[in-house]
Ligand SMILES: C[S@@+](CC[C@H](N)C(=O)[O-])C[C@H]1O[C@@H](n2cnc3c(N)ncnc32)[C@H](O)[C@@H]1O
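Single chain ahead, by itself, as structure tokens, in the form predicted alone.
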């Protein structure tokens, strides 16, 4: 297949945005895969800030980062991504170049603990204040779980309403797949 799959395309977008020495955000730590990827992109002089409400996700990310020798490049927080502005230092406003959300639930855990549109939208609004020009926020939207369709629709409404003078918004998805396949919404700050 020559078309990039969803997660591959998310990485392509982040690779275009994040360079060594940059600041990045993993808004949903999950099992730490994106955190490791971002920590590789920011290099020894950059920093990744990671958020998750589940202790198991924070620990899984710490373990994975430790296995790759990347823990020192990160600061992980056991709290919701809607607290980004409270946690990321004020001197980093305008300096975040990339951020990713994997929405839905933590694979292999309680499927009743899911991301919610209101906290995700709050986090996006805060990130837009922190993003550098041409910084990219990637939303990987998994919507096949209970509540997923409502979150998807609210996020699409929000993203479509973003002023085109503020951001470019892209939707990338496969439209002929069954079982509610995930898709990407990418927001590039102008």
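Values in this document were obtained by computation on a predicted structure and should not be read as measured data. Numbering follows the first chain given and starts at 1.
One more form of this protein should be noted, the form predicted in complex with the named molecule, which is absent from this view; the next part is about it.
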property	result
Option from 66-74, 129-137, 154-162, 44-52 whose residues, in the predicted complex, bring a heavy atom within 4.5 Å of the named molecule	44-52
Contact flag, residue 38 vs the named molecule in the predicted complex, heavy atom cut 4.5 Å	no
Residue 141 within 4.5 Å of the named molecule in the predicted complex, heavy atoms	no
Contact test in the predicted complex: residue 87 vs the named molecule, heavy atoms, 4.5 Å	no
Non-hydrogen atom contact residue 33 with the named molecule in the predicted complex at 4.5 angstroms	yes
Residues of 75-95 having any heavy atom within 4.5 Å of the named molecule in the predicted complex, listed in sequence order	79, 80, 81, 82
